[in-house]
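Presented below, as structure tokens, is a lone chain in the form predicted alone.
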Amino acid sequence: MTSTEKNLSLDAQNLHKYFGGVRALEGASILVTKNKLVSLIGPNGSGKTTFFNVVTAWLEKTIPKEHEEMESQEYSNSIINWFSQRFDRSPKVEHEDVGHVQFEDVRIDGMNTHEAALTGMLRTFQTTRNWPKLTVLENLLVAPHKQTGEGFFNIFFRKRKIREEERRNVLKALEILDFLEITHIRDQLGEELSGGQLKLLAIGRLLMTAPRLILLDEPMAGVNPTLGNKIMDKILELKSDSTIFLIEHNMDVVFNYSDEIYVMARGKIIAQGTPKEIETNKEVIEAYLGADY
């Protein structure tokens, strides 16, 4: 593995996703460097959330039809290839990989959603998915993976370990609430929170699992600017321990906080670079404002 590969948090290459005749992704590729804040922007319907869904295994990637036909032809020739190799008459036809998603050194495509989440890569959604009937503190306490108390027999035979684990989780949850500056709402139910508070709670639940890559899908949507800046300041502080991959429509947030920006249009990446480079990119301006702008 090269030094560049070791420094990558996410390597998503040549991803396709079709919904019938709709081609949501057309060979999109993105590299996310560790401990950076990388943003993905683009007009509505450009494929950004679909890209997140494929990367996090919520959706399976699509193998384009031309490659399916190639695989079918390779399969039909498999017996011939076997005999050819058996008698050293010709080399085997290698399977051509079409797109991949790799988080650090782990291949994600092919995993189910639960398996992908356990690798250390977690995400939020445009609409927050917290537990409405649990308090803020309880929402955090159910987040850690593989808790001892989840096992039926452990309830009876590992009570001491369960109590110690719960104590550590409560302390960690209180630290996260303090970090996010929402300790004062620890006993409020999820259904009682404002939109901005729900966004902070969603981030807090992620932090309970200590993710190394955090994917945030429009964290500023429906949040007032003052609270939005506070949320982004907190997200920025996470870069020392985690990598941040962000979808966002608020261009002030994107250009003020990003280390690197990717721009998507019609399911393809049309530009990448620093905020200053993207701001003056002609293709980006055309994608947003039209060719006549």
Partner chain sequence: MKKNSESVGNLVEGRSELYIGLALAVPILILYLYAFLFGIDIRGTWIVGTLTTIMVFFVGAISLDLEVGSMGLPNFGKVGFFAIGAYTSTLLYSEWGVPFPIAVLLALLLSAVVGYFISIPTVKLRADYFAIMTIAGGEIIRLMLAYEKRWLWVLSPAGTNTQVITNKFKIQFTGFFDQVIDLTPFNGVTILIIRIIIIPIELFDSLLGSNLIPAGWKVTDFTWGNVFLWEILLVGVFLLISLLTYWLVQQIRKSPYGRTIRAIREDDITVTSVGKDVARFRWQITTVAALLAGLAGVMYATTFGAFEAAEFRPALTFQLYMFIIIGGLGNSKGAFAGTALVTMFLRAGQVDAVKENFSFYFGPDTPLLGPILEFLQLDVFINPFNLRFVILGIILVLFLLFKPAGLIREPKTDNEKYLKLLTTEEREDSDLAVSRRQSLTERERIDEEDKAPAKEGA
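Numbering follows the first chain given and starts at 1. Please read all numbers here as calculations on a predicted model, not as lab measurements.
Beyond what is shown, the protein has a form predicted in complex with the partner chain; the following relates to that form.
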Open item on the list: Whether Glu26, Lys36 and Thr62 jointly form a contact site for the partner chain in the predicted bound form is the question; each needs a heavy atom within 4.5 Å.
Closed with: no
Open item on the list: With a cut-off of 4.5 Å between heavy atoms, is Trp58 one of the residues that contacts the partner chain in the predicted bound form?
Closed with: yes
Task: Any non-hydrogen atom of Ile176 within 4.5 angstroms of the partner chain in the predicted bound form - done: no
Open item on the list: Within 4.5 Å, heavy atoms only: does Gln147 come near the partner chain in the predicted bound form?
Closed with: yes
TODO: Considering only heavy atoms, tell me if Arg186 and the partner chain come within 4.5 Å of each other in the predicted bound form.
DONE: yes
Task: Residues from 192-212 in contact with the partner chain (non-hydrogen atom within 4.5 Å) in the predicted bound form - done: Gly195, Gln197, Arg205
